[in-house]
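Given next are two forms of a protein chain, the same chain in both, each as structure tokens and marked structure 1 or structure 2.
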Structure 1
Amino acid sequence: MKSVPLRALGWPQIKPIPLAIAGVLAAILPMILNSSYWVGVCTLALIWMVLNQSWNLVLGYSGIWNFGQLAIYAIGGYAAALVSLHTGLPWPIALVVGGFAATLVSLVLAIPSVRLRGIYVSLLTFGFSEVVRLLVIADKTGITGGTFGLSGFDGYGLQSMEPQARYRLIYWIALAFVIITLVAMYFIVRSPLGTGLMALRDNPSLAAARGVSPIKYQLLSFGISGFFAGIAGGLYAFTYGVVSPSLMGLGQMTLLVTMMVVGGLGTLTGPLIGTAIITLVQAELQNWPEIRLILLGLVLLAIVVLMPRGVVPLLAGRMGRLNSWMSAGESKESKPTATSTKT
């Protein structure tokens, strides 16, 4: 039986050497940067990378336009903060608890979502996010802190460290979770679950006819995505010492979706590259708050027009054509000439 290339199945092609180089450069970045501001910007970008990788599993690989991910993200942050505040458990346990709390809520959201299609999923999930945000704002019990958010928890417990060393350690913690999430997504996408999700995204009728259960696979997608979104929320809460309703705003959602679109939906490294680009652009535009959103919109418009599939698919296509051209040149050189075949 003729083997089918992994690319034909939609599976990701990972080149370990460039990724290893990128990982080493990311690890030494806080040693190079002398500014605490830029270390903080990079740390926030890493947290968003964890969130966007989780969101990409539902949005990019599953093709479900779920706009409730920021509510799941915030729920994970609130759960981790409450565990840290009231139990004193170590921060890794609190993060995992936040991840499982977000998973549970994500599965509850998934039950009606997987029975809908198109714009109706978007409306339902966006409405869910707004309901969660308004419930937190209206909370008078003090559990969530209402409009001002929840604070006063220990987080990583690094208050006694020198500030520069603390910023670097928090950066490395966030980077470790970016790598863990990337590895997890790589194996998930290469698994039968990932193949089934992409089949449901591209041709639902054919996938269902071949035995792929839409409800089962999409529930798993929501659950896994929710877990990593909850981890990202816990990382945010412990990094900044506060978690508030502002995590679920429309502006925040627009910014994060822009990052994924710029990088390339349905690709492993797209959320990472898109997040890095937009975070850098946004940080550079902080000095022009009046026109910051306008300039971000122009950047998005230019990328959508020039690179509609995102940066990563464009670069992959260019590299594929370059490899094909080089392979054609090599085969032409190795082909014997007419004179060389004469005896």
Structure 2
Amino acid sequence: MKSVPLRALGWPQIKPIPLAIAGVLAAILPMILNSSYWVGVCTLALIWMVLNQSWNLVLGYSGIWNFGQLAIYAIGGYAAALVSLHTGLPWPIALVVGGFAATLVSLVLAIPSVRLRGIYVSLLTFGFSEVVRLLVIADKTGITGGTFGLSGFDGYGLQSMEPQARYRLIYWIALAFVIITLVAMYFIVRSPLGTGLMALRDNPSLAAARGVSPIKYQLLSFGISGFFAGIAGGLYAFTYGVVSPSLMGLGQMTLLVTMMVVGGLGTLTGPLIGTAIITLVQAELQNWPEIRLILLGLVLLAIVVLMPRGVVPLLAGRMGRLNSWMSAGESKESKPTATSTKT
């Protein structure tokens, strides 16, 4: 069995050096950036990274065309805000409550979604997202605050802190959740759950014929994805002290889908890299909101048309070819015996 190494599974590998560099850079970023505006931009990017990773589990790894994730995210945010507003519970509990509320809604959305064929799922979930947004806007009961949303809750409860230190702390909290989500996704992708989800995505009838229950595992993927999306919503609520229907909407959806598509769906680092790139672009264009969305639309169109797998697999492919080219050259020059024993 030595002849078949575990590496042959093609699972994502941990590359310690790049990972360590990225981790350290991310951790000290708020010290390097001396403007609270840019720390704020980066914090928002981190929240989106949590959201996009969660979305990627359903959209990328499971191949289910769920376009309702923003509603799930918003519901997590509203739930966390409501807990913070009406109870004295500490913020981590409020976040987790938001996560579970989102899980619940995500599972409800999953029930019709796993029964339907691709394009119907996208219609259904897209409609769900819009209906939730319209319902919140039309809400006159005061629970959600209608168009203006909810504010005035404690959130992290850091109001007494000196602003610069506070911004940094909030950044680090968000960073911690990015890492937690990444670790969770890493283990999911390498677990039977990940294997089963990707099998269902690649070839549903073959997967079922190999014993993968579509409903069971796709519901599970919706549930987990919903939880992290809800956490992302709670992070947004506590970072900015406000949740409103503007968390959802078509513009927001264009933005986040572009991030995932640019980075590469169905990859671990794609949502992170895509989010970083697009956040930067859109922060630079903050003062021209119309041009910003036109440009985002163009980027989305161009990426889907020109490199539908996104940036990460493209780079990984280039790196892989480079590596194999270098190692091929090596073995030709220095290890002629190694090749002769193989044949």
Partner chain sequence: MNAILQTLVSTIVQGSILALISIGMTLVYGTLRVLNMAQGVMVMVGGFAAYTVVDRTGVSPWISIAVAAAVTFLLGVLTYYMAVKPLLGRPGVDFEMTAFITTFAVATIVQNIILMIYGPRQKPFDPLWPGGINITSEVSITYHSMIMAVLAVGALVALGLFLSRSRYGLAITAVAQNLDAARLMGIPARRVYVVTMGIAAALAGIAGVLLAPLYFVYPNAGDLPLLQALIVVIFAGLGSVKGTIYASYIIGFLSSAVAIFWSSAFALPVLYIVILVVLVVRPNGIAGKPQEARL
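Here, residue number means position along structure 1's sequence, counting from 1. Worth saying up front: this structure is predicted, and the values here are computed from it rather than measured. Superpose the two forms; the largest set of C-alphas matching within 1.5 Å is the rigid core.
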property: Structure corresponding to the form predicted together with the partner chain; result: 2
property: Between structures 1 and 2, C-alpha offset at L298 (rigid core aligned, Å); result: 3.5
